[in-house]
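The chain below stands alone and is given as structure tokens, in the form predicted on its own.
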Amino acid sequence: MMQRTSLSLATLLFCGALAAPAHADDAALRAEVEALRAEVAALKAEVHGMHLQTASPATAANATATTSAPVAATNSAAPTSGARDVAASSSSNNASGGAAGSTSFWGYGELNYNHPTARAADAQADLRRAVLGFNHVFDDATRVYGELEWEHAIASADDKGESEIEQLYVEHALGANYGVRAGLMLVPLGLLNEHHEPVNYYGVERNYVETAIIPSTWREGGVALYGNTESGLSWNLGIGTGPNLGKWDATASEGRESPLGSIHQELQLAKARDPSIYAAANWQGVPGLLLGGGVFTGKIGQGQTAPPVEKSRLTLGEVHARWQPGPFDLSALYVRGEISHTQDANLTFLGQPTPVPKEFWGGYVQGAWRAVQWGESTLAPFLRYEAFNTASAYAAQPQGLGAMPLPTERVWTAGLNYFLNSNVVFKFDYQHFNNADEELGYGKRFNLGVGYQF
């Protein structure tokens, strides 16, 4: 083809030379020459394009890796024209495709300020988290996905910060609409756990139901099958590690703050005698509507006999819905968990402030309105009501030895999300806790935050 192009160039120049004397005046001759020059320039550009097409595959792959950008989060609170496709795992949040051998990077982070109104001395500013992620494509069907996270600015033996691997798994497509993953993965429950970037939720802090009851970000190691159908159904089935009830500390408050958060293992030398399984599904067959739910279950005693929890089983189930008609964004979620065979363990914890609960639950409703939009910016006020109880019931004990259930906490949160664009958000909200102690400064507070993703 390059030979044909060179011949065309020569022919045009030759014809132009023959035609020049035939022109009656200089103006016509100049016009003809300029036209020939334009055609020659166009043909040169075509030749240059063919040179690029014959460049080496490695060069093309490097170009793809350099220019690829992350796909926007699928369950975003940022302005959308309707509910987007929610894939079976968070790999759909940030990981882009790309040519074989390409690698893409992204990240997100948030800085928060919390000010209890009753005790200004407890006001606190924090670089809550910073995350870097990567996606490497081995071939058309296989890739590796990972996220590295740092919390509270500094991680050391003398500081409260943490450094951790949030996700790390290999994914292989078995077909056009289904595949398999193996590694450290987020548990696909709720609206937040897989879509936890700060632009994806309203308010400075993540909601309490999906942090105290579903311990976002909750991750387990294992193997999972995922897929979706043309009818709008996506699904995820997995088997792997689970929490370890042998880690329960009845002397600390952590179990009251989040029962599962206090015993999840995060694949850090995780005890794995007892595997857990989970199943989750989301349906988006109607534009703007998302309906879904999931269940997680498995023995969590991990063979521990001191305290005697080897028979204990966790079962946690949730349902959720999200509807985005026009400028409105409405969502709701309910989750309930149960831990069985806790009587013997709690007998060993008599007199301690935090026995193992038998039941815990939570739910919320939330409404947001994209009230003002100009250019890429949006102002979205929102209101959320949530109720949750981290120990709504304890297993029966001999009379006089049992523990009283905890009171249900109810939280109202009202605020504004200002999206500078789809990747940067500024936040303000005010929270009212009904059962918190005003003297300790937790009854009411206002919060400020800024978050980003790239």
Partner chain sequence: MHNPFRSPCLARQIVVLLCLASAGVLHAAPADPELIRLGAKIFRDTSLSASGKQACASCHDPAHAHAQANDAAVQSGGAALAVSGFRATPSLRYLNTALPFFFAKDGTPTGGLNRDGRAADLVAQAQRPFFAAHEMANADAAAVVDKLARADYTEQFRAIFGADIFADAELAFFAARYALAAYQGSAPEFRPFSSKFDLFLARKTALSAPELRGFALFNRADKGNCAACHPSTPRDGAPPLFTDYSYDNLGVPRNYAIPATAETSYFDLGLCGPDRTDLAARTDLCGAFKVPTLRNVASRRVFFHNGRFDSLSETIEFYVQRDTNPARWYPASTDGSVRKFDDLPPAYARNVNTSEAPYNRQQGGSPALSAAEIDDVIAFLSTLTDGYDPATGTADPARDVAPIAD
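Positions refer to the first chain, counted from 1. If you're wondering where the values come from, they're calculated on a predicted model, not measured in any experiment.
One more form of this protein should be noted, the form predicted together with the partner chain, which is absent from this view; the next part is about it.
The contact with the partner chain in the predicted bound form, taken as any heavy atom within 4.5 Å, belongs to 344 out of 122, 126, 338, 344.
Think of it this way: in the predicted bound form, the partner chain has a heavy atom of just one of 103, 114, 352, 142 within 4.5 Å, and the residue is 352. Residue contact with the partner chain in the predicted bound form: residue 401 places a heavy atom within 4.5 Å of it. Although the partner is absent here, residue 377 lies well away from the partner chain in the predicted bound form, with no heavy atom inside 4.5 Å. Within 4.5 Å of some heavy atom of the partner chain in the predicted bound form lies at least one heavy atom of residue 306. Although the partner is absent here, residue 310 is a contact residue: one of its heavy atoms lies within 4.5 angstroms of the partner chain in the predicted bound form. Per the 4.5 Å heavy atom criterion, the partner chain in the predicted bound form is contacted by stretch 248-256, the sole one of 290-298, 248-256, 220-228, 327-335.
Contacts with the partner chain in the predicted bound form, taken as any heavy atom within 4.5 Å, map to no residue of 107-134.
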